[in-house]
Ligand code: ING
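There is one chain below, alone, in structure tokens, taken in the form predicted alone.
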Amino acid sequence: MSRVLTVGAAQMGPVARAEPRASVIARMTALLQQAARKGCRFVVFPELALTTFFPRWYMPDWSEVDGYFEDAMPNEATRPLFEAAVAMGVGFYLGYAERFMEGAKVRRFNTSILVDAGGAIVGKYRKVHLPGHAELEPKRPWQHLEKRYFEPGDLGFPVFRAFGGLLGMCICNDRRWPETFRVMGLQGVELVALGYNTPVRNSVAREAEHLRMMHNQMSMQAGAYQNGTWVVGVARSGPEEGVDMMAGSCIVAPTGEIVAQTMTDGDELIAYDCDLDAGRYIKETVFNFAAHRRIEHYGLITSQTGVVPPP
């Protein structure tokens, strides 16, 4: 039985700070329609797809901050996207800012969900590796306040049975950490959906733009090959509120090869027929974990965070 899953990577261009959710949802629905015409059964949208990338601003008023968060999913604003997807028989990955009450405490996460073709949420992930800082840093040309607005994810890196395979999720900075992919790899993951919002230039370090793109792609390619999995990395891109955001959305095969990539920095849909069995030989040979991993030597990975040089 064939296990080919046609996947769409739905890159989104800039979302202005004042752009209403209804406008964003209309753009996303248009991308879904393109995907359906190409035969896609699953579509990946970017990180924080419903709003501008708000962590670039310091906002002391938490009521203003909470305007960027969703208290339920789906909700009144996003229901049309779910309904359109159901009508087309297409599932999707959606990144958004999640807010909810736990007792008297407000919880806020950078979240993604996995939605099946019937509109049911069958998986949830909360971003683990939050980059940036927690307080205003006036010397920066723009802020990166994810550590202020979000808690680190508390769900780990789960893998879900969906679309005839084993699917996992991560978000943006997670892709730079090999542990992200390895934890999912140890659960047999066959496709990782990954949305990102990444500036073309680093706000605090001199780093060539071509290196930024290389590191973006290299991280996903390494994660794919070292775990025998497809990786679908999808950007929000282009000039957004004074910050140029990286494009380069791509679909990476289990061999580490980029098999499809966007050509623009705006709304763009690319698609590829992903054979979920394509990584099996990698899992059974070079990266046969059961045969070759030596966990007795990996203790430092979970026993410390920072670098401790030898005496």
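Since the structure is predicted, the reported quantities are computational estimates derived from the model, not experimental observations. Residues carry their position along the shown sequence, with the first being 1.
Keep in mind that the form predicted in complex with this ligand is missing from the display, and what follows is about it.
Of the heavy atoms in Leu191, none are within 4.5 Å of this ligand in the predicted complex.
The closest non-hydrogen atom of Arg176 lies within 4.5 Å of this ligand in the predicted complex.
Although the partner is absent from this view, Phe45 stays clear of this ligand in the predicted complex, with no non-hydrogen atom inside 4.5 angstroms. Taking the partner from the other structure, this ligand in the predicted complex has no heavy atom within 4.5 Å of any heavy atom of Met184. A single residue from the set Arg140, Arg212, His133, Arg79 has any heavy atom within 4.5 angstroms of this ligand in the predicted complex; that residue is Arg212. Listed residues Ala85, Met220, Cys172, Leu114 were compared with this ligand in the predicted complex; Cys172 is the one with a heavy atom within 4.5 Å. Here the chain stands alone, but in the predicted complex its contact with this ligand, taken as any heavy atom within 4.5 Å, falls in 142 to 150 among 86 to 94, 70 to 78, 142 to 150, 224 to 232. Taken together, the three residues Phe53, Lys127 and Thr198 all lie with some non-hydrogen atom within 4.5 angstroms of this ligand in the predicted complex.
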